[in-house]
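Before any questions on binding or motion, here is one chain by itself as structure tokens, the form predicted alone.
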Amino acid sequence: MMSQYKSVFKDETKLDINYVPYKLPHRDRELRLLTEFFSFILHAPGKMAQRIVIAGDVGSGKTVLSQRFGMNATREAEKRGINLHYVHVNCREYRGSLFLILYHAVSVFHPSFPKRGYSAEELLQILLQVLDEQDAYVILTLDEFESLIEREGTEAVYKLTRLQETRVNKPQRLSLICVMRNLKILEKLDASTRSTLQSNVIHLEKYSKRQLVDILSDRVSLAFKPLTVPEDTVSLIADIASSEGGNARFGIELLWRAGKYADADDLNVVTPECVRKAASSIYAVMRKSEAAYLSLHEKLFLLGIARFFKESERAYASLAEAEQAYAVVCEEFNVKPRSHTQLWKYLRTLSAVGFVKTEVSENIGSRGRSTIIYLPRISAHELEKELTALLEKDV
């Protein structure tokens, strides 16, 4: 069994999906905006309630943004002697049921509260009664809000958003943050309910590759021992996560898995090959049938690329390096190499099928731009093995 001290990890819990980092790279502005929207809770609690929508694609930081805000807000409230609670509920986990969501909120204050004998409306009134008795305030975050709308429709959302209208001259104690992927789902609500939600929307744009590099580098510093994760490795993960719609959550999971492959192989660093192995374990893009349909020279070119990465432990290759590797493979199989123009066509095919990815890189210190190539989702070792077996039949 491998000794624990050999691990590349310093604290792998920092890569857990439930970990909320103190800093949120590239979400500072949204965090400040959220804090501004809820500033009344610290300055004039009970005078008003707030309803905010946070929208953005998968992995754009919606959940971690709201959780970080909740931690900050409750800490500041405690300093001022304000009894503020942040309650985060994933609506999908509770099957989109208003009853189950409210039961969870009540159980935060009364852990042994009976589950039977109440309707959702009664639970809502009980929650408000508890808050009045304890002079408490709640920011209730409804994550994956779509599930509630799809199951319960306008009625449930109306009850939550218009709650205070039934409590004339009483403190406003319940504010909402609704976290969702797409605002189009709000069209299923009636006009008045929709208008109460659409007044304050924080939209999170997809992370760019550069932003993903910053996010991943931040997690590397928290989770890994110094000098165990090279820049090339981080860049490759960022490229793959970027191709998944800028999904930071996916990138962080890939980083953790790559670290696990490094530990399993008893390595001192997390290499690009560890990333490729990790990616292929998430989704096996390299299907034998697809490789078999490639032409002879496409297979030879791809084998050259695979060998380059297997031998160099780099994440990226220039087109010139790939051509050179292809020429060596052609010589080995006693086949005349094709022209540079033809290789361009092969590269486009290999990219379209998903075996390789290409991007244009600015040449530092010289004019012009060059094409760089990387393997996004397959181990170089596995690719070489598969292609060698196919070529031995073909040639």
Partner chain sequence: MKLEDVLSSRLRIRIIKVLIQVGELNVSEIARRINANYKSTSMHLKILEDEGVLQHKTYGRIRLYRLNQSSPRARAVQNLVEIWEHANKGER
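Positions refer to the first chain, counted from 1. Because the structure is a prediction, the values reported are computed rather than measured.
Not pictured, yet referred to below: the form predicted together with its partner chain.
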Practice problem: Go through 194 to 202, 258 to 266, 75 to 83, 129 to 137 and give me the stretch that gets within 4.5 Å of its partner chain in the predicted complex, heavy atoms only. | Solution: 129 to 137
Exercise. Give a yes or no on whether each residue among P114, Y118 and E122 has a heavy atom within 4.5 Å of its partner chain in the predicted complex.
Key: yes
Quiz item: Which of H110, R162, K170, R210 has a heavy atom within 4.5 Å of its partner chain in the predicted complex?
Solution: H110
